[in-house]
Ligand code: LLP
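Next comes just one chain, in structure tokens: the form predicted alone.
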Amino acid sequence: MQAWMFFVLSRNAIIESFHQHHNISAVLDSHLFSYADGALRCESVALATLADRFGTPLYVTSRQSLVGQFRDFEAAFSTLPHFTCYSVKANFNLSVIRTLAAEGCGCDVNSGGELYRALRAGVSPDRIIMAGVGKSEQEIEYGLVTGVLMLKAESVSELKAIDRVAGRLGKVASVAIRINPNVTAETHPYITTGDSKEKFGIDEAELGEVFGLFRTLPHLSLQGLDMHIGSQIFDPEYYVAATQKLLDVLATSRLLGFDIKWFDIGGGFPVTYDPQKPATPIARFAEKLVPMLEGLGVTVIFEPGRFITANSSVLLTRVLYRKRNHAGKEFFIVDAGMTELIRPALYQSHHEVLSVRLHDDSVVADVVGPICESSDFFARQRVIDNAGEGDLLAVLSSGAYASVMGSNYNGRLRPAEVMVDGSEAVLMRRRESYEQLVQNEV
């Protein structure tokens, strides 16, 4: 059998391979997606039923998974005085935000648009923190007028801008300063944020000037310290190193007479995308961090986003065509693409792709989308069920940085989004229409 050739495995071999090498069933069951009678479900609802009802491509989210992930996070840090603010940039659907807010979660927003979304979802302004390395004065004003808990500043220039805007409004702005701890975490270079080579945060060398500004700018009140070292950080020791640096800044600020109320160590906690590379359990991070953070006399803020939402959703897509080229390479051409999930193209990230209906054999194939780019793929040379044209596939781990990073490139319509709760499925975003593609053009 030549390496490039199409090959077939028995159904038992598929299941054995999945269980022994990929542990797919454990990933599915832990996030409330599972097979029953050979068909993939979300909670109690068959995905094929949702595709028939709402069409494809389609994002399907498990409400129970969202809630379960949030509760797991809260349980890990339950002994610590803390405030968890969901990082809205991971998935800003109003129903997702509303679900988490009902559990007592606050929000971390990164722009005026995300602030608007959090407010529309019913989140109280005093449970919202506003981040962003490049907030405009209009966005700063929006945050201050709204009454967010605090603004996180990332440069000397931004602090001056916040003071100007607050002065114009006759307010004193509650501010946290984001420190760049210069800790290079082991992750994809595009999602590391705590390295001094990156754009984020205030450099340690500027802290003297920054503390001095709070003495001279009358419309600023230093309330918190903040950091964020990146995303998908598997090793807790990176958090330990960065937290220690932020603790040193806390000690200095107190010596200077500042009353720090909030100590924000960000998010970035890992999730499993590839079952062969399971994420470090959140309890391991708590074991390292809680002893460092307890008894500080501050409230610790966490900003999980991906951790809560990534594995709570799948992207449901239909096989349009099967193709095999002269070299024997197999392609599944599906109706979703990089306009719905850009992570494989942008980060070369791994997403499991499963057939919604189990088949008796499998093939090695590329799963590719309809977009006019060679980078438009979900999987390369992957063992996958031998699905036919018209069959459904589910791209797992599509709850974070999928829909939010979507686009209308190639004139694509943004998909519908559905939330499942037990045996009920509710539309939480309508499919876009052709008219909506041009409605703002004049």
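Just count from 1 along the sequence shown to find any residue number. Since the structure is predicted, the reported quantities are computational estimates derived from the model, not experimental observations.
This protein has a second form, the form predicted in complex with this ligand, left out of what is shown; the following refers to that one.
The partner is not drawn, yet in the predicted bound form one stretch among 155-163, 201-209, 134-142, 231-239 has residues with heavy atoms inside 4.5 Å of this ligand: 231-239.
Contact check for Phe331: no non-hydrogen atom falls within 4.5 Å of this ligand in the predicted bound form.
Of the heavy atoms in Tyr347, some are within 4.5 Å of this ligand in the predicted bound form. Although the partner is absent here, Gly305 lies within 4.5 Å of this ligand in the predicted bound form, judged by heavy atoms. Asp108 belongs to the set of residues with a heavy atom inside 4.5 Å of this ligand in the predicted bound form. Contact with this ligand in the predicted bound form, judged by any heavy atom within 4.5 Å, is made by just one of Met405, Leu413, Ala48, Val67: Met405. Between this ligand and the residues Arg318, Arg117, Lys89, Arg357, the one pair within 4.5 Å by heavy atoms in the predicted bound form involves Lys89. Applying a 4.5 Å heavy atom cutoff to this ligand in the predicted bound form picks out Gly267, Gly268, Phe269 from 255-288, in order along the sequence.
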